[in-house]
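Take a look at this one chain, the form predicted on its own, written out in structure tokens.
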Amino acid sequence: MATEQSVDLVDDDTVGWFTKAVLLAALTAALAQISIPLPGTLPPFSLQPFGMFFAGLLLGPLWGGVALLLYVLVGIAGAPVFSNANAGLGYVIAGQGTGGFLVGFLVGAVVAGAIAHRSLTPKPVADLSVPVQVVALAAAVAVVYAIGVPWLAVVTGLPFARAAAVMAPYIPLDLLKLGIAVGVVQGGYLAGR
């Protein structure tokens, strides 16, 4: 009589983290649709950065990065998940100069997670102090601008200094979003505390 054995190809923890990454990717896509198109080649004002913030703080560098990678790949594949329902590889590479910011969100989630958790394995959010969360998210914002502004300059043909000046008004708004994100995480609204 033959006996059947069960083999776990992927452990339960991995499935749980992947599920959370998929949910954060979906949340980022939903937040991206809450956006205000701006004239010309300006990137839209959107709530997309919240996805990066939450991914880094809640999932850490590995799974936070996976969440934003999924978001970017789904958009490249053609699903209208980017701000104002945009999609496609062309949009990321050359569309309105926003591709650098999308790549910046991915790298920013990894940076925020690495600073906040200091390892690939995420800590419970309750173990992250507010100052650490603020530093982690501020570093993420800096990374987004460090990648996004030069990309914007190249795609639009603007001199770097002009592209930086164009993006400068967004910085206070992103810092406000940062504060709101820390408040939401501290309040336990996303971590189920």
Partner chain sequence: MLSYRPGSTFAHRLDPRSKLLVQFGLAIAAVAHPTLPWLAGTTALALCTLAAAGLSPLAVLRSYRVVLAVLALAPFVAGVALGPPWFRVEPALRSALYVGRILPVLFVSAAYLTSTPVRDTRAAVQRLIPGKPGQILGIGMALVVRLFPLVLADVREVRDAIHARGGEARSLQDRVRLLAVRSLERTLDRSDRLSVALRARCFAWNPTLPPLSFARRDYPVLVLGIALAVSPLATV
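Positions refer to the first chain, counted from 1. Being a predicted model, the structure only gives us computed values, none of them experimental.
A second form of this protein, the form predicted in complex with the partner chain, is not displayed here; the remarks below concern that form.
* To do: Classify Pro131 as contacting or not contacting the partner chain in the predicted complex by the rule of any non-hydrogen atom within 4.5 angstroms, answering yes or no.
  => Contact check for Pro131: no, nothing within 4.5 Å of the partner chain in the predicted complex.
* To do: Determine whether any heavy atom of Pro172 comes within 4.5 Å of a heavy atom of the partner chain in the predicted complex, and answer yes or no.
  => No, Pro172 stays farther than 4.5 Å from the partner chain in the predicted complex.
* So, in the predicted complex, is Ala139 in contact with the partner chain at a 4.5 angstroms heavy atom limit? -> Outside the cut-off, so no.
* 4.5 Å heavy atom contact, Val110 and the partner chain in the predicted complex -> Because no heavy atom of Val110 falls inside 4.5 Å of the partner chain in the predicted complex, the answer is no.
* Honest question, do Leu24, Phe54 and Leu58 all end up within 4.5 Å of the partner chain in the predicted complex by heavy atom distance? -> Yes: Leu24, Phe54 and Leu58 each sit within 4.5 Å of the partner chain in the predicted complex.
* Considering Leu47, Ala164, Ala146, Val135, which brings a non-hydrogen atom within 4.5 Å of the partner chain in the predicted complex? -> Filtering the options by heavy-atom distance leaves Leu47.
* Asked: Across 144 to 183, which residues bring a heavy atom to within 4.5 Å of the partner chain in the predicted complex?
  -> Counting only heavy atoms within 4.5 Å of the partner chain in the predicted complex, the contacting residues of 144 to 183 are Val154, Val155, Thr156, Gly157, Leu158, Arg162, Val166, Leu176, Ile180.
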